[in-house]
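Only one chain is included here, represented as structure tokens and corresponding to the form predicted on its own.
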Amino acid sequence: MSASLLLSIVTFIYLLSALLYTVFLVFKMPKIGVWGSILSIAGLIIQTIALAMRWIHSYEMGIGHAPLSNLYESLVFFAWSIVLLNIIFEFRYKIRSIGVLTLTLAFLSMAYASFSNDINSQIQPLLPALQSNWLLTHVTTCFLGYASFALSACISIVYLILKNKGGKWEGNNFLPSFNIMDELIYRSVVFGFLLLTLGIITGSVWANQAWGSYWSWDPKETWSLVTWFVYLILLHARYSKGWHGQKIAWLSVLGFGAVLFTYFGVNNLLSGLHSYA
């Protein structure tokens, strides 16, 4: 069985998992939620195997690089990162309901990857600028950071929807309280911010090796910095101004909007040194 076939199977597993999480939340059926979790774990395991197979196959082809070099591979890794963090948060904080949004996002990422043309989905030799040991560190830290921001945004959306309904929300067995969601938004942002910071630093070192400059104000670099500042403002507002609740939730959603533009908008609308990503 090929890695591509396994990844196609994973796409439908994530879709089914998202549907089961939705049934769990809407119809208050705990057993269905358990199956949603089981499927998400199974999908993550199969996806990990598929990524390993793709990595090994690249060496068999004489190319030899981590499967992180183009849009197709980055989308697949983004989905993997989202599901991994969702599972960690789910078991750490006993919150299953956020999987409705996170698994849907993982499915959409995989589905979008599947629409990439055949050339992008194939294992290709690295461009000269990508031929560096920094590839794995830089891309991994950035995308784990993006996934953490995605998790924060998903929790923020749930928070804002419940707030719009009015009244106080004390939480139940299916959705956490406002206080817990507020804390989870903050923790996931902190984790993502640290990883994005590391990603920008490693990217700067890599850029100096590849292009002779630590910073070139390339559109991707610029928007990564914009994203970093949005989350810096969020953390500053939390620490210094005591912001909580809806203000932080809106900033989290805004920050993830910046993430999406950095990832998709720059590639599709702007040209620069990162246009191949």
Partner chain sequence: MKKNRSNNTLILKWLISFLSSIKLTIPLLFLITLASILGTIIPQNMSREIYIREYGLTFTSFMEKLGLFNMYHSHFFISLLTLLTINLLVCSLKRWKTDWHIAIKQWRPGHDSKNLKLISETTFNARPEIVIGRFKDVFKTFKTTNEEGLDDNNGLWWSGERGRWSRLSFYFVHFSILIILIGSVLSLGFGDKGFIIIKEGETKESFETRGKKQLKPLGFKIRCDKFSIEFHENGMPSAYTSDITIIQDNKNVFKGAVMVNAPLKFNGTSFYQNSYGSTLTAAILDVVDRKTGESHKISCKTGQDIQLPAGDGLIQVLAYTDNFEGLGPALRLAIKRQGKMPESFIIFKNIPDFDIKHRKDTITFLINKVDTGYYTVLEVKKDPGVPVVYIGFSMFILSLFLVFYFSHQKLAISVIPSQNGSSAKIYGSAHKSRFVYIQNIRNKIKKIAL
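Positions refer to the first chain, counted from 1. The model shown is predicted, which means the values in this text are computed figures rather than measured ones.
Same protein, other form: the form predicted together with its partner chain, not shown, and the subject of what follows.
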| item | value |
| --- | --- |
| 4.5 Å heavy atom contact, Asn179 to its partner chain in the model of the complex | yes |
| Its partner chain contact in the model of the complex: Gly245, any heavy atom under 4.5 Å | no |
| Tyr112: touches its partner chain in the model of the complex, heavy atom cutoff 4.5 angstroms | no |
| Contact flag, Phe107 vs its partner chain in the model of the complex, heavy atom cut 4.5 Å | no |
| Its partner chain in the model of the complex reached by all of Pro30, Arg54 and Leu84, non-hydrogen atom within 4.5 Å | no |
| Among 155-163, 69-77, 98-106, 190-198, the region lying within 4.5 Å of its partner chain in the model of the complex by heavy atom distance | 190-198 |
| Residues within stretch 198-222 having a non-hydrogen atom within 4.5 Å of its partner chain in the model of the complex | Leu198, Ile201, Ser204, Val205, Trp206, Asn208, Gln209, Ala210, Trp211, Gly212, Ser213, Tyr214, Trp217, Pro219, Thr222 |
